[in-house]
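A single chain comes next, written as structure tokens; it is the form predicted alone.
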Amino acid sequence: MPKGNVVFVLHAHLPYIHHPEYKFFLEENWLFEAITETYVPLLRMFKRLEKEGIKFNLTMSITPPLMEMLANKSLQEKYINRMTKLIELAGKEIERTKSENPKKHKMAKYYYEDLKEILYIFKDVYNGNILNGFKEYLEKDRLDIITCNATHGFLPLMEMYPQAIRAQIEQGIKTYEKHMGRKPRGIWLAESAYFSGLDKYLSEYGIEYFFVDSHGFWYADERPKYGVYRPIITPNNVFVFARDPESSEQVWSAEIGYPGDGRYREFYRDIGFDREFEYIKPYIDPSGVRMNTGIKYHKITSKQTPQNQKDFYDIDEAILAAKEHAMDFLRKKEQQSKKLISLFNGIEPVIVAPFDAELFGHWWYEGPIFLEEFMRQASKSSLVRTLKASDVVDIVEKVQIATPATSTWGANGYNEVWLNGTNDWIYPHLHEMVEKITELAQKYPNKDEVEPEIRRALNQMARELLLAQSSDWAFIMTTRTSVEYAVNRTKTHIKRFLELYDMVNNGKVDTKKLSYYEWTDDIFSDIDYTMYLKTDK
């Protein structure tokens, strides 16, 4: 009997933020929050399902900057220090909440035990490098880990520079191989951004499949027969999957999505802001800037309820809600599959449900419970099954040839999030940087014959360019959060690049300055500037 195939895709990405020059740096906490609330909870979920003998299948992209940060010893040590402080705070909260409210006290005890377990998993089970946990499930064929372009650069705005696109793809693949020990089969293009012709580059590097948003199929050069519910293959022999809009709306719609349920934890109430300053001071930014601690005692209650009137959160009530929502989602996938199988005369649909990984746990605290329960219940379903994207590529027999339309998964579906009046100033600089490094790569095409200091400077120029190209900076400028940091990061990488360019051109490398840049912008130890020689003839 035909079944519906559900391909759940989690895109795990954070920009490369590492400041070894500071003992504490606020934005590094983005990584620490994601490890605590998303990445380790996902590993715990895999372990539980495995122990129960539940067959689960997930596709997950872990981007090169995230891999590099998770494998970075300095960041691992900082994370352990951060967690040690949080466990100390959680211990204090157990005493403090005894006289406040029984639900707060219950959650204080919960957080204390939960944080201790997460630190144990991080430090003792995986020796600080949780990539090994994800790799374990890749090798067990439960998880399909794919790569992304090097620094999550926005490829449609590099269309006029083939060497820049190739550098982004090539470095992304090298970094995946370094950490996973094999070649990636698939790629998540940053922001799911595609332009006609990009598949040629993916094919050059042996990438077998990628993903686009729904309208990439709806407006393809030839409309796919099965809409977004079967992959297509491009003229350059790369499979393409499209996002199912129904799944996206059901899970994360601001209006009807599950995470808005009143029983779930309220993200914006945190004791980092609620407790008196002298008490919380040792656990926030040493400069005195308040920040999230992850210890939160309130539930959403309702969207209309003011923050200061939210009810207290109860983890057991929230777990029940997550399980109800997982069953509801499964029923909807079963109904959707039955309808599609009927429409397709028995052909099995492929329903692709991609989300930012950090939605599960960080933004939606109960998201990992929802996902775990969905996998548990789906394994018993007679109407749907979960598959990895690579499974589909391996078993699909007839595939329509078509070229997807230019598209992204950003607001309104095209490029406006990454190119508008708030961020358009960066692109002339990025383009100039590509032209300058190409010029120098052509001047020094044989890296083994280049003086070591010049070669180091050229490689550092490549790092500064890739870091400046991160789509996160343009995104942050558009969304108006942490704008100062994004602007500073962009300007810093441009400035360092141009300084290095002058050094190389003058034949005089300031090794003290170069060493400092290599230490602070220390991504991609295996980088090779000659990748910018790969222009089109």
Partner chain sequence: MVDGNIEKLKRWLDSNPTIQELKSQARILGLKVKRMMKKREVIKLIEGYINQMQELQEIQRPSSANSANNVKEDQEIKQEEDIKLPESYNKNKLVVLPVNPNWLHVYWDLSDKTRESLMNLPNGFRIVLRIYDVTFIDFNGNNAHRTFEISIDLRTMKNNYVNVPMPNADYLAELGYVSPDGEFHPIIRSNLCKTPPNSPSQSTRERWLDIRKKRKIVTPSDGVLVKEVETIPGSIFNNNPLSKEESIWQLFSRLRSGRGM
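Numbering follows the first chain given and starts at 1. All values reported here derive from a predicted model rather than from experimental measurement.
Keep in mind that the form predicted together with the partner chain is not shown, yet the notes after this line are about it.
- The chain is drawn here without the partner chain; in the predicted complex, the stretch among 111-119, 234-242, 366-374, 94-102 whose residues come within 4.5 Å of it by any heavy atom is 234-242.
- The listed set Asp221, Glu451, Asp141, Asp328 contains one residue whose heavy atoms approach the partner chain in the predicted complex to within 4.5 Å, identified as Asp221.
- Of the residues given (Gln163, Thr386, Thr301, Ser214), Ser214 alone sits with a heavy atom within 4.5 Å of the partner chain in the predicted complex.
- In the predicted complex, the partner chain sits beyond 4.5 Å of every heavy atom of Glu68.
- At least one heavy atom of Thr478 is located within 4.5 Å of the partner chain in the predicted complex.
- When the partner chain is considered in the predicted complex, Arg82 lies well away from it, no heavy atom lying within 4.5 Å.
- Using a 4.5 Å cutoff between non-hydrogen atoms, Asp502 does not count as a contact of the partner chain in the predicted complex.
- If you take 461-496 and check each residue for a heavy atom within 4.5 Å of the partner chain in the predicted complex, you get Phe475, Thr478, Thr479, Arg480, Thr481, Ser482, Glu484, Tyr485, Asn488, Lys491, Thr492, Ile494, Lys495, Arg496, in sequence order.
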